[in-house]
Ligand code: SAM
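In the block that follows, a single chain appears as structure tokens, in the form predicted alone.
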């Protein structure tokens, strides 16, 4: 009698397969990939645990498992990533947002909520649109500008903006840092999660980051600080008096970024720790002369 492959037995085999390849969260990833391949929710998998899978369905699933075992990110296989209130579309060649970046959004939202009324925000480094789309969704009185040097990132962010109905309050511009922002424009907030991995450390990153994330989204120069220094030096001409600058930083970088902000004349410099108690978010206020 041939073996009967059901949702339950296939999940058990997939969990064993992924676990043997040192992938963390193997069971969860097995479920997410199967739900994606069958166009079901994870809850549906458990209500259909005894459902037999056809050979065609198993073939598709095996292909996804094999790709995941090579280190290809789960988000590239499913094409989605949850971020705060959003279900974002993902694509190869665009940086996958991390959970700690939600704290950067929170810091900006706290500022926008405290000042009340409408506001304009500039994001440097759009990526998938996680930050700029979240801000537009969660702060309805806000107009957001976001700049990126990657056209593929801007294309993906535009799709995510349309999917969440905020394309009319999100201006996506193509250029390096402030180069594409209209001259003379000033903002209430400048926010950025720039590349911050020291160039010499990229090859030592986890395989799925090193091999599948765009290098331009990782490489922060010799010490990982190049983009912070550039943004800080240029940001004052783009900020209103009393405007906020907010950064996500890498491990061990918060004190250096905070010191550079102070040297540049920013005040009320503050550092927030992430879920792992790592100093991750640096904010400061610009007081014009």
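Residue numbers count along the first chain shown, from 1. In this text the structure is predicted, and so the values were computed from the model without any measurement.
The protein also exists as the form predicted together with S-adenosylmethionine (SAM); that form is not presented, and the subsequent description refers to it.
- The chain is drawn here without S-adenosylmethionine (SAM); in the predicted complex, the stretch among 74-82, 181-189, 127-135, 164-172 whose residues come within 4.5 Å of it by any heavy atom is 127-135.
- Heavy atoms of residue 211 never reach within 4.5 Å of S-adenosylmethionine (SAM) in the predicted complex, leaving it off the interface.
- Contact check for residue 149: a non-hydrogen atom falls within 4.5 Å of S-adenosylmethionine (SAM) in the predicted complex.
- Remark: residue 143 does not count among the residues lining S-adenosylmethionine (SAM) in the predicted complex, judged by a heavy atom distance of 4.5 Å or less.
- Proximity of residue 61 to S-adenosylmethionine (SAM) in the predicted complex falls outside the 4.5 Å heavy atom cutoff.
- Scanning 191-209 for heavy atoms within 4.5 Å of S-adenosylmethionine (SAM) in the predicted complex gives 193, 194, 195 in sequence order.
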